[in-house]
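Form predicted on its own, single chain, as structure tokens, below.
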């Protein structure tokens, strides 16, 4: 029996230590959490390694088991520095879902990555500067969206792309996502905020960076669909969810963003609002990574009241029956479930839902990772690996009946379009077409 499973003695003082369990702060200064119970639950079955898309294509990557419990034990025994291979983890979090013992693998990876960046990485290196830029995409997007047409022209220039690759290590193989001429928040303010008021049905929308700056049509669809069901929608001020910051070890940046988000959303919970995200990585961040990594007042409440948009409607509305009563023009979709949707148990919901919609054919293109994993596939040295990871998805898409892709994740959408040339829709856009 591991220490994590050992029964406690009720006669002991609450603060007393037993001889066989010594709480150890593995990564000092970055968290106050003792990860020993989780690490001791690892019995080296290697299910996490088998599930890891990076390990499948990168023979030099030691895999999630080493990055998590094994590296933890090395640090605990000899205070070894964090191995630099931690930066090759894409933070897809599939290992969490694969582990039969509940080892907090992604929590260990995020914490170790944060320490590596803080203590081992040269802050003047090209890798650090590049990662810092990618991790803070929200700041970059805010600047770029001030002059969207000019920014789009500049970032689409092949010379600029070549310079970005040579100087920063951002691959020139990808087209930079275009900024919308009107952000979602600009549209929201222009329309005057909520069009529906309700005391019973209230949601606070976490739109994230991409739906604000690049695909405001997804945010608009979310608002219109929820308002059609009688929900009052509010859009608090917010920062990036922190997902790209976690993936690049920028935990201080992520903590600042989380503090602002928790402060602005937690106050709405007592007024009957739930938090809704249209991006599965954003909902995963607020639900899982925030409470795992940070101790912020109200963070647990925000976590417990956060939902992905389609998930929320399926829980609270009879969505299937609504779709059985309507139809849309004939269209076929090749659907990819993002890794972060799988981690939340949401990988089948779009396929199950839209099979009820007359006029729609939808096919799941399998359980492979898209390979882009947020910023991972934007790095010059990771680009080829990201495309190798995505090969199964591309193959399944090309053999699917549909020639339009569908996914909830914006960076998966980038990868799907990049590898196949298909147009990509968010499930909320189809839901809007059917119901609004």
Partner chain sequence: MAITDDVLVIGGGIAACTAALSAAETGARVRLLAHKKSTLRQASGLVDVLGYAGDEGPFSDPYAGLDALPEDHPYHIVGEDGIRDGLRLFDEAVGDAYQGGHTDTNALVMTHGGAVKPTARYPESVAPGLASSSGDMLLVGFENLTDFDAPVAADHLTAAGVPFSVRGVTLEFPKSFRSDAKVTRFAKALDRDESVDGGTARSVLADAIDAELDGETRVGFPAMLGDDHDDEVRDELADRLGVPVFEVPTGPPSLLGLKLEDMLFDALDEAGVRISAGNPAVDFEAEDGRIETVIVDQKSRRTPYEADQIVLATGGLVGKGIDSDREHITEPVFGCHIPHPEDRYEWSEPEAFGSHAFARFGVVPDDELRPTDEDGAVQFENLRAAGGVVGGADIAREKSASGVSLSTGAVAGRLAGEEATQ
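If you're wondering where the values come from, they're calculated on a predicted model, not measured in any experiment. Positions refer to the first chain, counted from 1.
This next part talks about the form predicted in complex with its partner chain, which is not shown.
A.B. asks: Have a look at 127, 118, 320, 186 for me and say which one sits with a heavy atom within 4.5 Å of its partner chain in the model of the complex.
C.D. replies: Only one listed residue qualifies here, and that residue is 320.
A.B. asks: 360, 87, 346, 82: which sits within 4.5 Å of its partner chain in the model of the complex by any heavy atom?
C.D. replies: Filtering the options by heavy-atom distance leaves 346.
A.B. asks: Which one of these stretches, 310-318, 237-245, 136-144, 192-200, sits within 4.5 Å of its partner chain in the model of the complex when only heavy atoms are counted?
C.D. replies: Selected range: 310-318.
A.B. asks: Spell out, yes or no, whether the shortest heavy atom distance between residue 49 and its partner chain in the model of the complex is within 4.5 Å.
C.D. replies: Yes.
A.B. asks: Are any of the heavy atoms in residue 98 no more than 4.5 Å from a heavy atom of its partner chain in the model of the complex?
C.D. replies: Residue 98: yes, in contact with its partner chain in the model of the complex.
A.B. asks: Please tell me whether any heavy atom belonging to residue 109 falls inside 4.5 Å of a heavy atom of its partner chain, as the geometry stands in the model of the complex.
C.D. replies: Contact with its partner chain, no.
A.B. asks: Using a 4.5 angstroms cut-off on non-hydrogen atoms, would residue 175 count as touching its partner chain in the model of the complex?
C.D. replies: Result no; residue 175 lies far from its partner chain in the model of the complex.
A.B. asks: If we check its partner chain in the model of the complex, which of the residues in 42-72 reach within 4.5 angstroms of it by a non-hydrogen atom?
C.D. replies: If the 4.5 Å heavy-atom criterion is applied to its partner chain in the model of the complex, 42-72 yields 43, 45, 46, 47, 49, 50, 51, 55, 56, 59, 60, 61, 62.
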